[in-house]
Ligand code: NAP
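Take a look at this one chain, the form predicted alone, written out in structure tokens.
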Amino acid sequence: MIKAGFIGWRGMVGSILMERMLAEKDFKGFEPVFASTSQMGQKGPDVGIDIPPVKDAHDLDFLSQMDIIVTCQGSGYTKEVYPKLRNSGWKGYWIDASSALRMEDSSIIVLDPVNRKVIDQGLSSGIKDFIGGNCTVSLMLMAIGGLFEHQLIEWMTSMTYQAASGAGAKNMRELVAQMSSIGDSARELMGDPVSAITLVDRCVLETMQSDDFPTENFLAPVAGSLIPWIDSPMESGQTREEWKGFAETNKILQTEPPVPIDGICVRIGAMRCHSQAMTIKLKKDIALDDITGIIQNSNQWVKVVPNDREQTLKCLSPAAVTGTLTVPVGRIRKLNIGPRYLSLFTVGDQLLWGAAEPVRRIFNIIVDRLKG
């Protein structure tokens, strides 16, 4: 029986992964074992079958018995445990939601609706490390992977509007706390229908700028505002999040020569859906109907939204998409600067296609391969 170890299953991405695996009835055909860095010996999650008590996630003897290890524990855990495990001679499959191994030559970034051929070639050549990609990159490729597949993109920018979930559970809680603080401060004024909106505005601003406003995690207001900076600085002037757009996209697709990609990544007051506005220079002029057809037919989860107000308001927002696997793409049009310039807008759930779903799917691909 195939043995699969799961680590970090209590965290935000890990819990979504468990939900999806249960929903899809994935817990069959292998023996699941759960491990923790802090709660060894306790009862594991309810996955519909008997499982042993939680193991020690730092126990190399235990880990070396696994055919597959799936970790959502984070980069710190990977950097500590992975090299020790590989150096001990372990030859199993390592599936990781963190970024620690993404750009290693020995790994493949997984997004099988987009790069299944790359994954299959990697499996055949003996690759054993399969890593979930950056959330915005994965969501972008789910949206416009067809344009890359048809080699239509000369260059592109992706201006992102990223949710609090991308920064972690503490940041999601802090966003709600910021919203609550703003609402509490303005409640009395809002209850008076004749109060001047300038007074409400001033009250909100004073609250956001006060020393008591909760910014421990974001370091600045996000509710009622935004932060045009995500991740650490690079010498190029980009943030690392912006750099990933170029680096990870071209690794996922193994494009040669690489497609130039850049943009600005912005944190906004959404809970768990990332949105992106893209500007694309096409290699040739192609009719808009053909473009929408390529996008719509690239995978079963993409949904082209007509470029009208009613459908845009109904379908193309975090509020409409959160908790679904649908990746809507709308506002598709040619720009006035020329017929080869395309713009569009897309939204996707950061915790699903942006994190847990590619990990779930590569796990099943590997299990099926091991079962023969």
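Start at 1 with the first residue shown and count on from there. Keep in mind the model is a prediction, meaning the values are calculated, not measured.
Below, we turn to the form predicted in complex with the ligand, even though it does not appear here.
Just one of 223, 144, 156, 97 comes within 4.5 Å of the ligand in the predicted complex, counting any heavy atom, and that one is 97. A heavy atom within 4.5 Å of the ligand in the predicted complex is found for exactly one of 165, 298, 249, 275: 165. Partner contact region in the predicted complex: 33 to 41, out of 306 to 314, 33 to 41, 62 to 70, 326 to 334, criterion any non-hydrogen atom within 4.5 Å of the ligand. Although the partner is absent here, residue 151 is not a contact residue: none of its heavy atoms lies within 4.5 angstroms of the ligand in the predicted complex. The closest non-hydrogen atom of residue 12 lies within 4.5 Å of the ligand in the predicted complex. Among heavy atoms of residue 354, some come within 4.5 Å of the ligand in the predicted complex. Of the heavy atoms in residue 121, none are within 4.5 Å of the ligand in the predicted complex. Every member of the trio 8, 75 and 350 reaches the ligand in the predicted complex with some non-hydrogen atom inside 4.5 Å.
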